[in-house]
Each structure stands twice: as structure tokens, then as C-alpha cells.
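The chain below stands alone, shown as C-alpha cells; this is the form predicted on its own.
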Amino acid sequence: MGATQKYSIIDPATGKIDRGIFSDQAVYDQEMEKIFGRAWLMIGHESLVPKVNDFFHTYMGEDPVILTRDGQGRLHALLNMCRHRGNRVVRCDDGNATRFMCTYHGWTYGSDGKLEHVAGMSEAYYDALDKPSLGLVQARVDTYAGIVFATWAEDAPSLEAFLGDARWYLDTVFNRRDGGMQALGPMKWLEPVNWKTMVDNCSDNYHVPTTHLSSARVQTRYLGRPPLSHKDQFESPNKHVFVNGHSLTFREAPDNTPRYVHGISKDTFPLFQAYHEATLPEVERRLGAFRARHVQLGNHSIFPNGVLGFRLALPRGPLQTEFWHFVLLEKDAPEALKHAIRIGSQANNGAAGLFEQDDVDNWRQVTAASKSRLGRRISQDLSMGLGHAGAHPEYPGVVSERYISENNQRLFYQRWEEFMNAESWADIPIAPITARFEGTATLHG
């Protein structure tokens, strides 16, 4: 892998960004190498492969990958490509199997990726084939609170360093309970959009009162949510923060009310209130009093392609993205609460979600503008809040002065440049971990 071109697509002084990165095939091809070939990528969840020899088919960029749990219970991320001629050895979404056999010539691999059987090993290959070197190609694997990450880069930093201080905020959703979380899904669909547009939208709360006006009014009328306006957004005490490529927003939540999730309504509120009160001592033990009682993660993305929690924007060319929508539930939550969250999640996001449908129309127009012969000559403007972000005495990361800001978007595209211009991980800066992780929760749960 070698850098053949230096990118300068955003002017940090003005927030002007080159639209060409949303439609050029050559840029996209380099993204597959330099971003998706290097970064730690979310590929699945431990709950999707709970038993030995379970597997789940997923992707790292465009590369098909089998997430397996071998006979010893260890996780593997295996390139779904027979080492003989390149056939896929798994053709379904998930299952349980001790071996994977290529249906071309019968080469057979164990659930740990090792090549176990080759037809004609003696008769055709004269026992000269180096079987140990011909296992399925494996990525590095690690987990955060049950979410499985993988990277092809041997020189990548640890997952803990990659997430850095972002974990301080992520813990308030993904790492609250001793019993961990379970993933349901995915729901999959294709969108005619560039993958970066939906990622940078995760920190864009500026659009909410406009784009989602109709949906918000429905929620106000039927779910009892308060009306939402630009004035509310501009005066919001919520925060907007950036760490190592990860764009986050969070709320300074009161400690006596349940954390807002899709599924809370005037009818289900008592259920969520009771759950909050019953679990708060455990959450406080795990996260410390401050995070447990006062911090709630809001909209966020995990670099490069995690969108609003455990949801994935999988690139399928510069002008198309395959979206995977999962619902994450705390395993030990009451069934009635899980049911409410499942319904709420799919009503807001997912293929039929009101908010998701609003967003897709914006994203496809943004992508289309980058194809226009005239439009692509005119930069996007991401200047909101320039010069109004920095260190904060209480919160780690680069924190914006206001909730409504485009600081995270500017830094996301600067992070994109760092990856695209680097020869190796040695050229990609990683912010040191400075947050105080009070409580018993760790990277692995």
C-alpha cells in the first residue's frame, strides 16, 4: 500500500469542502485501501455468535468476511475467499458449522480458518501443498462491550487506543449493565448515497427541526414528546464533541429521569422510569456517579462508518451504500421494555422509520449535487461554529461551545484526509487517553 496522491479536500480556515470526494471512483477506490483497509471496523456483535461454531456473515468495506466463534470459543474474522481459486466458502447470512467447504473443488476449512482438507492432497499435489500457510485470511479482532471490531492492518494501534476517550461517552449507552447487550438484526437496504454523507449527518442536529418537522409533530401528538424548534436547538445545553475521528453528541441528563431512547412515550414512560431507578445503583458502580447520573450519549458515529449506535454504512461504490440496521437491547431488561425499544427503533430508524426516510432524501440530493458538472465545482460550506471549540474542563475530546455546530463534520473530513494521505499507521495521529474511567466497566464489558 502506498500513497499516490495527497488530498487537501477541506480548508480548515473556512470549512469549504471539495464535493468531488462524494462521487469520484478513484477516490472511492483509495478509500477502500487507506481507510477500510486500515481502520478498526465494526463487523458484528458477540450476541450474534453466542455458541461455539456459530458464524455471521459480514463485511469490511466491500470485502466479505465470516465472523466465527471457533470450537474453543475464540472469535475470528475470516476473509470469505477460498485460498485456492477465490470462491466464497459461505453463501448464507449466519448459522452454525464446524467446517466451511468451498463448493468449487472441495477445499475445507475449520471454524478457526485453518485449511483442514484438500481433495487429492497426495494423489494430485504429491503432498507438496503447504497447508498451514493456506488458511482463510484472518483480520485482527477485538471487542468493545460485546461489539466486534476487526482490522486488516497489522500496524494499527489497539482498539482501546483507536476508540480513545470516545469510550468515556460510548459507555453510557453500550456498557451500562453487567449482563451486557444483545443485537437484533440486521435489517438491510440500499441507498443511492455516498457513505460519508450519512456518517457526517450523525452530528448534524441543525437539520432536525426542518427535515423532521412532520415526523416530530407526529411524535408530539401521539407520543407526548415536547415540540422541537430551532430555538430549542440553539439554546440546548447538550454537547458536540470529537475524538480520534469519532463524532459524538451527548446530553447532560438529570439523574432522576430515564435516559431517552426511541420507544419512550407517555404510555411507556412509567416502565422506563422504574427500570432507570432499579438499575441506577448498578450503572453507578460500573460507570461512576458522574457518568451514570449526568451523561447520556446522543447522536454519534464511530469512524469510519458506524452510524447512530450499532448500525453500519457499508460502501458499495461512490454512489451507493448498503445500510445495516441493528437494535441493541440490554439483555437483562424486562421484556416489555425491550418490546417498546424494538418498536420505537424501527418506527424512527430502519427501512420504514419516519426519520430515516426524511434523511435519505437529503443524502441522495447531496450525493447528486456532487455529480453535477457545474455543482461539483462549488464547495460545500461547513463553516458553522468555526473557532468555537476546544478543550473542556469536565469533558474529554474537542468540545464545541454550542450543541449546533459543524465542528465534528470539519474534523471528520480532516480525519479522512489523515487516513488518505498516510503511508502507514505511523503517519496517523492518535489522541492520548486522558479521560478518567471511574467505575468497574472495562473495554470488554
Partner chain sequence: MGKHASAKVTTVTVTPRQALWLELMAFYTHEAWLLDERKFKEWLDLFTDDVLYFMPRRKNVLRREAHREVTPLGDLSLIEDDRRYLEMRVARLETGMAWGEDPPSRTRHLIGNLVAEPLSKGEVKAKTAFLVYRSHLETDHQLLAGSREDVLRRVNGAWKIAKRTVLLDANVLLDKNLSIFL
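Since the model is a prediction, treat every value here as computed from it, not as a measurement. Numbering follows the first chain given and starts at 1.
The same protein has a further form, the form predicted in complex with the partner chain, not shown here; the description that follows concerns it.
Which of these residues, 204, 191, 330, 165, gets a heavy atom within 4.5 Å of the partner chain in the model of the complex? Exactly one listed residue reaches within 4.5 Å, namely 191.
Of the options 74, 85, 221, 230, which one has a non-hydrogen atom that comes within 4.5 Å of the partner chain in the model of the complex? Going through each option in turn, the one that passes is 221.
Does the partner chain get within 4.5 angstroms of any non-hydrogen atom of residue 326 in the model of the complex? Taking the distances in the model of the complex, the answer for residue 326 is yes, it comes within 4.5 Å of the partner chain.
Partner proximity in the model of the complex: residue 215 to the partner chain, non-hydrogen atom cutoff 4.5 Å: Contact check for residue 215: yes, within 4.5 Å of the partner chain in the model of the complex.
In the model of the complex, does residue 357 come within 4.5 Å of the partner chain, counting heavy atoms only? Close contact exists here: in the model of the complex, residue 357 approaches the partner chain to within 4.5 Å, heavy atoms only.
Within a 4.5 Å heavy atom cut-off, is residue 185 in contact with the partner chain in the model of the complex? Heavy-atom contact with the partner chain at 4.5 Å: present for residue 185.
Candidate site 322, 361 and 364: all three near the partner chain in the model of the complex by heavy atom within 4.5 Å: Yes, all three are in contact.
Options 244-252, 119-127, 364-372, 281-289; stretch whose heavy atom lies within 4.5 Å of the partner chain in the model of the complex: It is the stretch 364-372.
Residues of 326-352 having any heavy atom within 4.5 Å of the partner chain in the model of the complex, listed in sequence order: 326, 327, 339, 342, 343, 344, 346, 347, 348, 351, 352 sit within 4.5 Å of the partner.
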